[in-house]
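Shown next as structure tokens: one chain only, the form predicted on its own.
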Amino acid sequence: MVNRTSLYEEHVSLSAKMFEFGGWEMPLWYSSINEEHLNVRNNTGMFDVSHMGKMLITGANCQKIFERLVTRKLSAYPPGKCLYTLMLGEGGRVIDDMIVTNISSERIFVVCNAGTRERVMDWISHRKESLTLQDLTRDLACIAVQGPRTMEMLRDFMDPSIFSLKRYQAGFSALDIDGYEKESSDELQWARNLHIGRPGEGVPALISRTGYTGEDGFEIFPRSRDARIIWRKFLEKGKAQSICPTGLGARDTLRLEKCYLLSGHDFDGTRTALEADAEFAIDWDHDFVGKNALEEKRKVPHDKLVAFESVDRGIPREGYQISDASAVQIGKVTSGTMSPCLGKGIGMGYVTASYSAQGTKIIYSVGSRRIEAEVVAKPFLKKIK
């Protein structure tokens, strides 16, 4: 049975095109993927990403224990720091990528992908030692507001201190929303568990500043029961500024322009962190599951996830074969689209080591048609205007 977020009825009322993603019925688009994509780049968009897995992990020495399961040394970072990290199997292969927020030395908040949530929870449960794992996926919603006009959009709702957060930091705020039904002291225990900074009055929410679109913005995590009133107030405020709801279709094209990985596509449990070109997410100065395998992998040539642009007219799609000029297969496309900002076909895919250098010419095949492309530096979109 497909899951639905607490904002499902809001999407239907806006005539969103719904589709199944990661076990959830989610909005693909409201107007069009291209229009919504450009609106996020030039203005600001709102996303319902409540389908993402959300977990609270608590216990004495929580950071030090949990950092053995991920590639970042959590205990080296202060409270309020959000860390993009990877969870690996013993062979160094990527189980999932996630954002881990340090609440305190005894509490961390984990956001993982929807489609891998059960596997991630099972992996943690069998290795968490004395830690307590609480699944908050259904209890908490997540509304992401992304784009250059984000602060203008949210100014009336959030404490000014939130805007001082730097990228990959989190805080706790009370949103100023008319009509909010205040929670009782007992009901607010979830907020106390996730609290960073001062609480204030209003709708309680954990707020992070990461941005899977590559744009500046905030992810707002309120109780699911409060999501609809927040969504409606944001829409009401955003109408005058052309700040529109945005579906997961544009979220995919936005992240691809910035070369961010997509679970189940750019990694699926068969590729190591090094092959996925994600060494930037590894702190080598601590022990973690899969470290030994990766250290051995570094010693030999290996496949690599590269970014490439079409030279000929064509749009790469997931699953297309990649070959060299002699039609020898050297890899496969994992993500691809027509870039709304660049106006050309872009993609990512795994190729053998000898074809991974920038400037290398490769071929991807669409049926019997062979389209020339070139390996380029990541990301495709170098600077957000």
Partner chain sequence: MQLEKSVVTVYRLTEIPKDLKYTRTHEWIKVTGSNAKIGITDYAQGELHEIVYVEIPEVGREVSKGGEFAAVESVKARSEIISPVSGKVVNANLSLVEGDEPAKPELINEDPYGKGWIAEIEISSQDELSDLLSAEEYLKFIESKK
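On a predicted model such as this, the values are computed, not experimentally measured, just so you know. Numbering follows the first chain given and starts at 1.
Heads up, the form predicted in complex with the partner chain isn't pictured, but that's what we're talking about next.
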property	result
Answer option from M52, V351, I346, I33, heavy atom within 4.5 Å of the partner chain in the model of the complex	I33
Listed residue that, although the partner chain is not shown, lies within 4.5 Å of it in the model of the complex (heavy atoms), from L194, I315, I230, A307	I315
Contact test, all of F109, R167 and L381, partner the partner chain in the model of the complex, heavy atom 4.5 Å	no
Non-hydrogen atom contact D252 with the partner chain in the model of the complex at 4.5 angstroms	yes
Proximity of Y355 to the partner chain in the model of the complex, heavy atoms at 4.5 Å	no
Partner proximity in the model of the complex: K17 to the partner chain, non-hydrogen atom cutoff 4.5 Å	yes
Close approach of T337 to the partner chain in the model of the complex, 4.5 Å, heavy atom	yes
Stretch from 327 to 335, 66 to 74, 40 to 48, 22 to 30 whose residues place a heavy atom within 4.5 Å of the partner chain in the model of the complex	22 to 30
Partner contacts in the model of the complex for 352 to 375 (non-hydrogen atom within 4.5 angstroms of the partner chain)	V366, R369
